[in-house]
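Only one chain is shown below, in structure tokens, and it's the form predicted alone.
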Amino acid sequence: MFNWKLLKTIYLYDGTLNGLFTIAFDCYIFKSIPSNIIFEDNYISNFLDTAIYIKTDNEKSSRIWNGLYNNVSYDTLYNCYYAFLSCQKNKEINILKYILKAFIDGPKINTMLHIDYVLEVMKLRKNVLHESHRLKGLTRLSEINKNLFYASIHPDNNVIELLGHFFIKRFPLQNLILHDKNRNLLFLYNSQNPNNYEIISSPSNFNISNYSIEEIEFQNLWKTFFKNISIKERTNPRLQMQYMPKKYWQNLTELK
């Protein structure tokens, strides 16, 4: 791939995109590539591996971010971002190789699908955006208090930020809590401060089930509509699962 030194070392990092970009900066400077990159919490120590923890450096990360944006392309930068949100194992090493190759070949990197790691990054990007698109139509917001709305999701990929941006643009005057139960993450948006949002960790037992009276009435109305509009003789579970995958049903008001 490169005329660079291939290390037999595993790099550990803090699981953030800035952490991965820090590793990319060091690899570019020292012209070396590790055997793998693993989130620190997922690494199981053993006697066979040589593992080094790379501390996140925001200045190094910013230089990679700006370098991709200014010297390669906007699309390349966001291909890295979307691929990073994937739940796929070994995504980090593929993204790293993609970044380093992008600095060598420029914008044409995204047409070089014959290279395995470039193709893998494109697949990860497509998978993340596809799930995000599905959840935009399948996520059910419920009012828990005056102008405060909550929704729980169970996505395969870490799409809570993408989904949060979608709802902020669509409902900018509503206060919002999105809850990724697979990762115990909360996306918090306050309409009084529309330029900011926050993503924080939530307790594993965090749950909201107390809805406003109006919300309960709307949910009952929606369930009644859903039940009565369907034609029993034309029920097609396979087609229904094609458009609304069964793994998302637990979050759908009409199917609870």
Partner chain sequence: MDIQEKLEILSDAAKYDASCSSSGSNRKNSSNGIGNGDISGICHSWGADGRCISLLKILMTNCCMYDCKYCINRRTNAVPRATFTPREIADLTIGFYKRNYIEGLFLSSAVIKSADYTTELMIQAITILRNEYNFHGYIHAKTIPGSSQELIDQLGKLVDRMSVNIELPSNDSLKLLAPDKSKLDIVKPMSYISNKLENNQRLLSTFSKKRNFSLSPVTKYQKEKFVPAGQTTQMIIGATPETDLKIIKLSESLYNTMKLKRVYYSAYVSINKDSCLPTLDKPPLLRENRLYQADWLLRFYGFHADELLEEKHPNFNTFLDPKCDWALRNIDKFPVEINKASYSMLLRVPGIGVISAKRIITARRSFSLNFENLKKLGVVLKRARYFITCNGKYFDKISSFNPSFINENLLMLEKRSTPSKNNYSQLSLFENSLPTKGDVIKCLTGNF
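Residue numbers count along the first chain shown, from 1. Given the structure is predicted, the values throughout are model-derived calculations rather than measurements.
Below, we turn to the form predicted together with the partner chain, even though it does not appear here.
In plain terms, the part of the chain that comes close to the partner chain in the predicted bound form, with a heavy atom within 4.5 Å, is 223-231 out of 223-231, 199-207, 35-43, 63-71. Between the options L77, L100, C87, L138, the residue in contact with the partner chain in the predicted bound form by a heavy atom within 4.5 angstroms is L138.
Although the partner is absent here, D26 lies well away from the partner chain in the predicted bound form, with no heavy atom inside 4.5 Å. Taking the partner from the other structure, the partner chain in the predicted bound form has no heavy atom within 4.5 Å of any heavy atom of L185. Interface membership of D116, defined by any non-hydrogen atom within 4.5 Å of the partner chain in the predicted bound form, is confirmed. By the criterion of a heavy atom within 4.5 Å, Q174 is counted among the residues contacting the partner chain in the predicted bound form.
Residues are counted as partner-facing when one of their heavy atoms sits within 4.5 Å of the partner chain in the predicted bound form; in 150-169 these are F166, F167, K169, in sequence order.
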